[in-house]
Structures are given as structure tokens and as C-alpha cells.
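To begin, one chain is listed below as C-alpha cells, in the form predicted alone.
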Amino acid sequence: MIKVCKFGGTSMADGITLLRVKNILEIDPARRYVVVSAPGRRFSGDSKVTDLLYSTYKEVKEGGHVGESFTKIAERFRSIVHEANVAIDIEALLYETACAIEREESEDFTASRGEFLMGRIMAAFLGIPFIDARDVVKLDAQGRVDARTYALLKDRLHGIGRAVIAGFYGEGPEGRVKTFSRGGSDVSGAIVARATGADLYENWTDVSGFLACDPRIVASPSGIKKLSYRELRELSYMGANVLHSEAIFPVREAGIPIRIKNTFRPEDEGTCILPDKGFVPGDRPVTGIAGKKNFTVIYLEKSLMNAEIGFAYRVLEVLKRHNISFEHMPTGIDTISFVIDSEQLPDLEVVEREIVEAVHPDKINVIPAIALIAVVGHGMSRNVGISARLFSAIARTGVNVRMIDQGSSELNIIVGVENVHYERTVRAVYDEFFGEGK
């Protein structure tokens, strides 16, 4: 049996935690391949190493040399090596890294050095080979995984019983280091799992799996013992950030299950994420609730819109011209709405004007500060009255629903409410489906 284990930033935060990680790996010989993140926060107010590396890049860009931020990074790694008693020449490694950062003058390269350094330290600590992701993970210009990656990794790991692989980055088409989006070490772990034909991908973090709702909004929400790939994708994308929303893609085709585990409570069962095929939902119709704030809805109305060829296409051309993606597109016979992350709309007035010029709507209305709430679960399609329960619960709070979108798969229902009503709406929906006696 082969297990690939990815350890997050909190699991790499200090040398004492590294001892925990070593114990976890030694307990189970099937845990053969280890993917590491950069060290995260040790305590409230502490800095993540990756954040310090982004600051280091700014210092190099402005002054040509690493500065105070890299000094803090160096102290973190010295402390980790000292606490865990790792046999490695950390001073030489730090010096080489600082020189490389100054030489490369690349934001992606600089940001990747947290995982690189942590991988070198972890490999020395465990006494097993280190593999630089730059050599085996190939990415295209958009940061997507090149198919060559799986063959390269498989060949590199052939005959190696155990190894440490740096997460978060690979090599772009121009031969330079390219990173995933933040949290991308989850994706790296999934890539290694697929390349090795792993039986299980374990993702070790500081929580014991997924919760049915954000614990910052609902006190002590129920845990989720199992969910499907598709449920994971919906919940992760909508803000349940235990696992990167793109980590599912490398393992999905191979049908490799994922288990979320807690480094600080390894005895906890965690959450198991299973292939969609043959997935059997739990007893509850709803698996989880997640959401995000700060969306903008661009609402268009025009008589006989349905008969006008290319109406939506011309709006989408405007969005494409401004490099804007949309989240949802609810429609009616004479209406269409585009739900867009507000951060993508710094030039909203320009976009609005160009849409009017492109399609000449009878009415255009821009609704800012909208929160989206996703109610997700395979069981919803098998239970009558889920929508009625959802909207009744929201109505009892006195909140006005500004948007409704339900996928044809009946896997989720998404509602839009004003930002100011987000938390109370989430609590009302949670109480309806997960409250006492539900």
C-alpha cells in the first residue's frame, strides 16, 4: 500500500511539530512520500514564511538585495533545525538561497523558497531523498499541470522507497519556477498521489477534517465524516478552505481517495473524500454549507432577449476584454445576471458602459456587496422539500434573497444575500438542517 502525505504550514511551523510529523510517518510504513509546505504561523500574530518571502521579493526588487524579511526567515529556519536537531548545514543553505533569490529576481521563485528549504530540512531530518519540484512538476503558462509531470515524477520515484517533495511550485514553460495559487501544496500532494498510483492521499493540517459550516459563524458545527469529490469541489470553492479547491483534479481520474487528518490529533478519524462513482450519501440531505462575501451582480433586462442571437456572447466578450470571469449566470426569458467577484471590477463604470454599448439593454442594474451561500449535498436530490425548508429558514430571519441559482445536478443551491445579512443567514440555514433533532 502507498500513502502520500502532505503536511501544511502549521505542521511545519517549528521543530517540536516536526517531531510529531516524524512520529506520524514512522507509525505507518505505507506513508512513503511526503509533500511539505512552508512553515506557517506558530501563534497568533506570527508571520507565515511565505508572506515574509513575498516581502523579501519586494525588498530585492527595490534595493537589489534581501533585507529584514529574509533575516526573519533565516531565524525561523535556524530555530526549526535547532529544535528538531536536524543534521544539515543550515547556514550554507540559507546563503545559497539568498544569493539565488537576488539572482533570479522572480516573485514566484522567491515565494517557492519556503517549500524548498523546508523540503531540504525535512529530508535531512527523515534521512530520505529530497526531490525539487522544479525538476518533476511542469506547468503551462496558466499554471496548469502539464501531462508530462506524471511520467517525470513516476520515473524519478521509481525504486525510491521514500522521498520528500517540495510543494507549491513547479517549472513553467520558459524554464523558470512557477507557483500555484496560495495553498497550492495541496495540489502538489495530489499530483504526487496520482503519479505514484497511491492508494490514499492524506492531507495533514491543524483541523480534524471538514466541518458542516464555518466555526467562526456557528459555534461547534458538526463534522463531516465523508463527502464526494464533487461536494468537496463545491464546498472548497465557496470558502471551506481546509483543502485547495483544485486539489481534486489530479486524483479524480485515478479515483484516489483523500483523507483530511489533524497533525495535532492524529487519532481523530478526519474526513474521507471519495470518488463520485458509487458514492453513498449520509443520512442528512445536506452535507455542508459554505459561502463568500463581496460579489457584484450585473443585472440586464431586455424585451425579446431570448430571440436575439448572441446577446450573452456580446456581454461575455466585454468581460473577456477586461479579463473578468463570472461565478454564476442566472437567467430568465428577458433577463440575465452575471455574478462577479467584486475584486475583479476595479473599473466597474467602464465595464458597465461597454456592456450597454454592446447589447443596448432596456435596463441595467448593478448590485454590489452580495454574499453567496452554497447549500451542498448529494442527498438533496433524493429528499422532497429541501428548497422549501431552505427558503423558509431564510424568510424567518427577515432576510431578502437577492439571487437564486441551482445546478442541474441538484447537488447544490446557491442563494445571494446582502453582505450585512451573511452571517445570520448562514446560522439560520445551519439550524434548519443541522440543529438539534434534525
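Remember, predicted model here, so these are calculated numbers, not experimental data. Quick note: we count residues from 1 along the sequence shown, nothing fancier.
What comes next is about the form predicted together with a small molecule, which is not displayed.
At a distance threshold of 4.5 angstroms between non-hydrogen atoms, residue 360 is out of contact with the small molecule in the model of the complex. Put simply, residue 201 is far from the small molecule in the model of the complex: not one heavy atom of it is within 4.5 Å. Using a 4.5 Å cutoff between non-hydrogen atoms, residue 38 counts as a contact of the small molecule in the model of the complex. Contact annotation: residue 56 falls outside 4.5 Å of the small molecule in the model of the complex, judged by heavy atom distances. With the partner omitted from this view, the residue of 183, 172, 275, 239 that lies near the small molecule in the model of the complex is 183 [heavy atom within 4.5 Å]. Here the chain stands by itself, but in the model of the complex one stretch of 309 to 317, 74 to 82, 183 to 191, 348 to 356, 183 to 191, has heavy atoms within 4.5 Å of the small molecule. Not one of 210, 231 and 287 is positioned with any heavy atom within 4.5 Å of the small molecule in the model of the complex.
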